[in-house]
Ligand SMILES: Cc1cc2nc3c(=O)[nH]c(=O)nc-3n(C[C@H](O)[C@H](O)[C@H](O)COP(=O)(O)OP(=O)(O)OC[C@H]3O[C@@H](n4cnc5c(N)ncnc54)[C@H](O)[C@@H]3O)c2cc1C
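In the block that follows, a single chain appears as structure tokens, in the form predicted alone.
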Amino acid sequence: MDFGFYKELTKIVPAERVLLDEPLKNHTSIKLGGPAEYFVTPENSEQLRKILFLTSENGVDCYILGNGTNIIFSVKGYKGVVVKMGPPQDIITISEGEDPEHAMIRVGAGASLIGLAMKAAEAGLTGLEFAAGIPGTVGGAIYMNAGAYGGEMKDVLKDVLVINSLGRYENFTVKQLRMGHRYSILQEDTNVVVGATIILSRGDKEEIYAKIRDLNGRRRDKQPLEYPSAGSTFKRPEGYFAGKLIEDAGLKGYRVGDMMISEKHAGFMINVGEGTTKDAIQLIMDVQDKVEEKFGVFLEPEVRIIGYHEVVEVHRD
């Protein structure tokens, strides 16, 4: 720990919000990852802006973490600052839209995506039913263009408020974000989402709740929700389904240590005990090799693997 840097951090946020050597496995859905050198939970976007400026000025790596639902950290953890988004960056306000058939929601990046979907349902607003079972924050969902069952964030998003590399607030329209399948331009730059505007249509409240119950029922039936996982392990290759390719390669139940391809849904890698990041990476590479050998299709990871000093991309040598 650099005591001088720590002292500067605690000038921005209260000392009780700056944890040292905090185990990251406690903050990821797959329960993997060593300690973060500094683990910070800012109280508002202005504190976040100052943290980003401080880390940039001091050449300290900084990673923005939502609910940790598609992240695997190295067993060595993260050398630098991990900023945890969440309360109180989770304010949700609903106002009239540009016409009587629509409403506008302004939401903080730290808000729960499930919470947002349920808030919309409560207000009789349709369009976010697909998100009612997706764990994670709004900021992370925008970053990844999260989606399920035919819906994606780009379908309901109007614009986002970010803090840019100069520490200034800037607005991006959904068109500027160039959102695609599990992609946004935010993955290519250093802009950090702090808020968003979402446009939804007015609908029948009972029909909205019925659709949410149906989709969540499908999730419970098909996904291994009883085990820690990082969600879908691989992106969908064009013309195929990753889970089907993995299943057809005979890899359901395939295991490295305590990391295993789910027998319930082959698109999920689950932690069935004391799995390690090393086991997870080996499992991912084994699946890539076996699927490519059998079908000639290379599976690109959807889960992000964060190393001690840098992002580790799992790819072909």
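We number the residues from 1 along the sequence you see. Here the structure is a predicted model, which means the values were calculated and not measured.
Beyond what is shown, the protein has a form predicted together with this ligand; the following relates to that form.
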| property | result |
| --- | --- |
| Touches this ligand in the predicted complex: G267 (any heavy atom, 4.5 Å) | no |
| Contact of K211 with this ligand in the predicted complex (heavy atom, 4.5 Å) | no |
| Proximity of I64 to this ligand in the predicted complex, heavy atoms at 4.5 Å | yes |
| 4.5 Å heavy atom contact, N70 and this ligand in the predicted complex | yes |
| This ligand: the contacting residue among V107, A120, V82, A230 in the predicted complex [heavy atom, 4.5 Å] | A230 |
| Among the candidates L200, V193, L116, I246, the residue which, in the predicted complex, approaches this ligand to within 4.5 Å (heavy atoms) | V193 |
| Interface stretch in the predicted complex with this ligand - options 200 to 208, 168 to 176, 99 to 107, 142 to 150, non-hydrogen atom within 4.5 Å | 142 to 150 |
| Residues P135, R219 and Q223 all lining this ligand in the predicted complex, heavy atom within 4.5 Å | yes |
| Within 4.5 Å of this ligand in the predicted complex: residues from 1 to 40 (heavy atom criterion) | S29 |
